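In the block that follows, a single chain appears as structure tokens, in the form predicted on its own.
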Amino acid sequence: MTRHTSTCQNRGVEETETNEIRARFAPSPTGHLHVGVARTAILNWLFVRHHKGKFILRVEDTDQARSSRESEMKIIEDLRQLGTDWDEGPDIGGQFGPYRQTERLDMYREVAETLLKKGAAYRCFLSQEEVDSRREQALASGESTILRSPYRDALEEVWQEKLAAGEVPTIRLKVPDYLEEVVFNDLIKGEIRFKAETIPEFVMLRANQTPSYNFAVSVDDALMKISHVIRGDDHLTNTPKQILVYRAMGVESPLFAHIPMILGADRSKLSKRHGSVSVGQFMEEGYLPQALVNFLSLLSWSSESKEEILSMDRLIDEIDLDRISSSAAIFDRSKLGWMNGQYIRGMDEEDFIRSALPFLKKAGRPADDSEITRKILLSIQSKIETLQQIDHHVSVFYDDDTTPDSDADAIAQTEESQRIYRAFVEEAGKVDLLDLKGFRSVMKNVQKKSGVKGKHLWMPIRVGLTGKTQGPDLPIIIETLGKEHCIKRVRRFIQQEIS
């Protein structure tokens, strides 16, 4: 018997320009939106917007034990916060709905019945226990564990007899006898080949009439006219199964682009042990949506300009699947922090204040939109990488009893610093108002009395007022604290030295 190759040729974007570019993001609502999954959504969205196509949101919720509408709504909320939108989806409808798999069950059953009639699928009466037993026997004997069911080529009478006895079958896809291999041209990885004997005749429809993943996703992509499937390369082994479903349905396969996985710094799969992994967690930690989109877009992709801070418009304009590497991407949290800091520093005052106030409130600080609060926040805008760091940096304005760090404490204990502190308390007590003008006058007299000037004068004062060697500019600290608090803080160090 002559054996054939099933080929899914890559037509390329250029050859599909006469047709609509349609890509989809299809999350399972079983938990939070993982940043790796979010990166897949972002790349699909950028690609579609670049080509002025349609972006489809589809919810794969057939795992009823783990899926929830609450999770679905949180995923939608996270996607919107990231700045993505969609042209069709469960919340807005569309021409090819419904957009939840649990609302498409009749479609899967109808397609399965059609494939049965065409001879592209068959009823299988093997129980899960029998399947497991056959796999264990194959492993023990060193044979292939790819299942070929004894019911695959059974006569119709055998199936009817089983059905009459009340046995409920699954429906399995049939890998054609003549097929030698499945070949497709991945837009990122190039030509990929799978030998037919390595492709399992998987269950399309379970005994309870619910579809398996590979069957449902293939039917959905075919009926929704998806032109490009951009997804993680952990799905690569699913592709030949899905291509055979398209072939059995008599429709053309979409183009496939398998992007590399995201790994932690230890080069293992990114997981909770590496820290936050969900979009929601990063948002709660004060990462900006636009920074997350920028960062995630650059995992395995780069701009020809070599620039790293790229606006959404530039990402849309420059996205190109040809520039996506096939190598795994490393999630560098320090780089994300740097990038987020760049975005924070680039915010205008009103946007920054609006974004910062909730984090100030969460930290239990006064979060009114007063002039002094605005000055405090703006004084630290250039010093933070995440909005969650706000509390650490504003503590110098609110906490009189801040414990100095080791470097600050060492500076405070010197005799030179003690002379400065005594002189400051004495001179500050003489002025009516310790505003910027009064502060300059006090410091001029402190310099004369202590005999210290330059950084050796100003650093002890910073330490005395804040307990830190770095922080906001001293004038804003003085203006915020006022005379009594400034004297109280500096005197604390004198008392500490004397005791």
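Note that residue numbering follows the sequence shown and begins at 1. If you're wondering where the values come from, they're calculated on a predicted model, not measured in any experiment.
There is another form of the same protein, the form predicted in complex with a small molecule; it is not shown, and what comes next is about it.
- The single contact residue among 365, 235, 162, 100, judged by any heavy atom lying within 4.5 Å of the small molecule in the predicted bound form, is 235.
- When the small molecule is considered in the predicted bound form, only one residue from 35, 26, 463, 42 comes within 4.5 Å through any heavy atom, namely 26.
- Shown alone here, residue 217 lies within 4.5 Å of the small molecule in the predicted bound form, counting heavy atoms only.
- Using a 4.5 angstroms limit between non-hydrogen atoms, residue 213 touches the small molecule in the predicted bound form.
- For residue 231, a non-hydrogen atom is located within 4.5 Å of the small molecule in the predicted bound form, even though that partner is not displayed.
- For the small molecule in the predicted bound form, the listed stretch (428-436, 443-451, 470-478, 27-35) containing residues with heavy atoms inside 4.5 Å is 27-35.
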